[in-house]
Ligand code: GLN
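We begin with a single chain expressed as structure tokens, specifically the form predicted on its own.
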């Protein structure tokens, strides 16, 4: 089968399964299998695809039809201009989370110590370290499998970081200039209504924010001050309707200059604040 015909077959299969971006996904999967670029479909559409490539492509299309996320099939996701390895053991990095990284980068200084709580793939911490000089980073997660993916990403990006298995701050020591986190924040009752790509494939431990979606914020905000240096900052990604509740937690915990940053859709996405400078 030639390249263009195989692409059209894959597109039709995905669109018939109700996948809105079926054409884009079909093209990306074909490029990954054939190691081609986005212009090959137009310029070299008549090239013959090898039988083993056809077979692999058909398998990828079947996986996508079952609503397995494209990123898990490809094995990577682009984030902050970097390519991160992703597996079903970690949450897929999302563009909204780039707002969190950008806020951290606005306030970080070279040589600082940064703690990334609920690190998952390590995309937040490794992005900050990649665009900084001489910063020290520790990524914390309760999942050994997630930490293994984060370590692989550090190796892939030639970036040095430490990885710590811990239930939030349980095993954390020392103090940090910045603590950043994208914790689980989806209310439990909402999870069944999520897209099947999220509900059925992404790790539940990275999604479930318990009854009201705020359980991890309560714990992180209450404890983070004990691990921040004077004038240290805490940054949190939030759900679109959680700004008021999380802002209240941070103010009550003594954080100053608490601000809310919106994402590109105009939705509340990141909260940041500064701890008082007179902590012990």
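On a predicted model such as this, the values are computed, not experimentally measured, just so you know. Positions refer to the first chain, counted from 1.
Although it is not shown, the form predicted in complex with this ligand is what the next lines describe.
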Per-stretch contact check against this ligand in the predicted bound form, the hit in 67-75, 129-137, 145-153, 177-185 (non-hydrogen atom, 4.5 angstroms) = 177-185
key: Residue (of 206, 85, 82, 159) lying close to this ligand in the predicted bound form, criterion heavy atoms within 4.5 Å   = 206
task = Have a look at 198, 99, 172, 113 for me and say which one sits with a heavy atom within 4.5 Å of this ligand in the predicted bound form.
result = 198
ask   = Would residue 109 count as a contact of this ligand in the predicted bound form, using a 4.5 angstroms cut-off between non-hydrogen atoms?
value = no
task = Check whether residue 104 has any heavy atom within 4.5 Å of a heavy atom of this ligand in the predicted bound form, and answer yes or no.
result = no
ask   = Any chance 91, 94 and 237 all have a heavy atom within 4.5 Å of this ligand in the predicted bound form?
value = yes
